[in-house]
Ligand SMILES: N[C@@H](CCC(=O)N[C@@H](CS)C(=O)NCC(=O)O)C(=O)O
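Take a look at this one chain, the form predicted alone, written out in structure tokens.
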């Protein structure tokens, strides 16, 4: 917004976040874009995401939410795409021939990879409290399968795309998304990550190592206590405030 004296105020973004949650992806993107934003902690230890105050911001009760001058947004992929189009960064332009496939991959990550990770991390939300049912769901999600798009196959599909569509000068919103995904695959559920080996996905491994060196990753890692190599060799978070779980 421009004042009468010509001063242009920064766009007022407020990122509602919890450490090492999907808000990490949006924070990384905002840092890469160099746009001004502030943060508001959603205290997961107190189950604040289920409270009336946060539900008034995001009725789905999921993290993140982003307050913008045009209203509140939620759903990670929607926020990423809106930021990219608004600021003209980190994704193919709307008239680019690369746009169609890029959007397909972005929403594949959101609708398939990320959705399956939620099932892996919180099986009780999908199959109830029966331990055998939870175990069966987890085993299915991490299985190698010729026809079902389980997590190993889904990661392989994204790896193949990243291999030919990675820009070394700056990451895309898709790469910011996948940096968080490979981090979570290596860490969660705690004690149940033997199925995942980042080296099996060479393009994603190279992407993670490259993003670890960027100033945006350093800023995010410091803010959320993610350690010196948050994507290529992640450790469990030690956030200065809030809880990841």
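Since the structure is predicted, the reported quantities are computational estimates derived from the model, not experimental observations. Residue numbers count along the first chain shown, from 1.
Although it is not shown, the form predicted in complex with the named molecule is what the next lines describe.
Here is the short version: of 219, 205, 62, 40, the single residue with a heavy atom within 4.5 Å of the named molecule in the predicted bound form is 62. With the partner omitted here, the stretch from 115 to 123, 165 to 173, 130 to 138, 150 to 158 that lies within 4.5 Å of the named molecule by heavy atoms in the predicted bound form is 115 to 123. Contact check for residue 44: a heavy atom falls within 4.5 Å of the named molecule in the predicted bound form.
In the predicted bound form, 21, 22 are the residues of 20 to 34 with at least one heavy atom within 4.5 Å of the named molecule, listed from first to last.
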